[in-house]
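What follows is a single chain, given as structure tokens, in the form predicted on its own.
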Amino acid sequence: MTAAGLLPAFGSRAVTLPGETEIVIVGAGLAGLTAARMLQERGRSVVVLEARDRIGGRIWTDTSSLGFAVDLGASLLRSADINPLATELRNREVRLQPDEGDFWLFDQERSGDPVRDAEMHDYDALGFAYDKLDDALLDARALRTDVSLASRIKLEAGGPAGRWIDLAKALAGPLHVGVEFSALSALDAPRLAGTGNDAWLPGGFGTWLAQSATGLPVFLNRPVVRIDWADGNGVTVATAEGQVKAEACIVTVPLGLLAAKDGIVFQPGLPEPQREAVGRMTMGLIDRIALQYEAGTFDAPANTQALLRVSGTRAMSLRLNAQALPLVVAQVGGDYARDLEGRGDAAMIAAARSQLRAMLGEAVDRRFVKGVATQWGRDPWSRGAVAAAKPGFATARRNAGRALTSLAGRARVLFAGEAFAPVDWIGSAAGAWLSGRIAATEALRVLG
């Protein structure tokens, strides 16, 4: 079954919406909650409208499906030594756990062939290919070359990268940002290499977010259907159960929902250049499949990453003893994730079990307990996992997130979220957090 563990609710249908506030925030993910907290701390009145029956958005800790908390959305804080959100968490005395797992690599010539442990030269070949991809990305940025990253790469199967090129491309594309490598923009893609000092939150990222939202005026089960921003006196944000008038609003819904024909109606509609920019972006898809095993099944450090080189493009990354639990979390992305979603949860779980069985042997299956899978592509409130600009349209991200202003030049609708984050942190929780703070700062200027 699809994961259904819910975070604590901070609103309900029984609560009547206030008719007015200073700022309305659409979406109770990290960006929206960050903006709400910052505005509230500055003494401003806010209302947060959330379509789901839980907070967190794509930061989701499932607390019920497997008997313990497991992150099925955003989980790791990459480069935690320089990550601004990690710094903020440490300042709040939140305990972060360093991600110090091993890296295991396996090789298989063709599907059905025996799997072997990779040798040192295989690790070197994969590392060489991945470094070349990151070098090409940095080179394209230095030259401001707005093309596909694939067009900047010249790696031959017979060269130093050997037959590990396809896996390196999968790590850079579908497993990193949810789009195929051929569709990855050289100017828009997040850096592939970090500092290596990643971290995770014991108990779950979503659990922390739920706790941090205590006291915020979040109204759940309130999908926004229309935002009227033509009124020179402010905006009106409408739901099926009432509307709220405010000086301005901050929209933090995922790009997939913003671009959807059945999504929020803006009145007046988005300006043509902005609509065009939204159309030049896409939602990458990354899904997670969590497999619970009996305690002690895996003799591996927490969060050990395991990869199997297989023919074709069906790459899958697995973390053993994920979050220090008897758990394997598999990650799939891009076209492979869409294919698995189309086949259903049971097929997703079976695919992850098959890959683990190929790497570690048939005996591991006897210790399997149960599994759960996400389907972010079919989620009506996200329509995918990570926003990405198409090659040649790297400026679309900035243009898609431009504020909507009144004829008097007063900002009425602001946009925030990972899709509109500062360039160094696009597509990440840190980026969502930063964008929420930026939007809140702009909202304070509106309020004067």
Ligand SMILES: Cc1cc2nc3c(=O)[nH]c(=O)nc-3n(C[C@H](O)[C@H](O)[C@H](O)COP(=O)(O)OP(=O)(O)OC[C@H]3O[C@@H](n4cnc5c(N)ncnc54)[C@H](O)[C@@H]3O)c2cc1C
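Start at 1 with the first residue shown and count on from there. Predicted model only: the values in this text are computed from it and were never measured.
One more form of this protein, predicted together with this ligand, exists but is not displayed; see below.
Only one of A183, V364, M359, L76 lies close to this ligand in the model of the complex, with a heavy atom inside 4.5 Å, and it is L76.
P254 is the sole member of G371, G334, P254, G204 with a non-hydrogen atom within 4.5 Å of this ligand in the model of the complex. Here the chain stands alone, but in the model of the complex its contact with this ligand, taken as any heavy atom within 4.5 Å, falls in 48-56 among 393-401, 48-56, 35-43, 62-70. For the chain shown alone, A389 is not a contact residue for this ligand in the model of the complex, no non-hydrogen atom being within 4.5 angstroms. Using a 4.5 angstroms limit between non-hydrogen atoms, V413 is distant from this ligand in the model of the complex.
Though the partner is left out of this view, A429 does reach within 4.5 Å of this ligand in the model of the complex, counting heavy atoms only. The shortest heavy atom separation between L89 and this ligand in the model of the complex exceeds 4.5 Å. Within 4.5 angstroms of this ligand in the model of the complex, the stretch 270-289 places a non-hydrogen atom from each of I286, R288, taken in sequence order.
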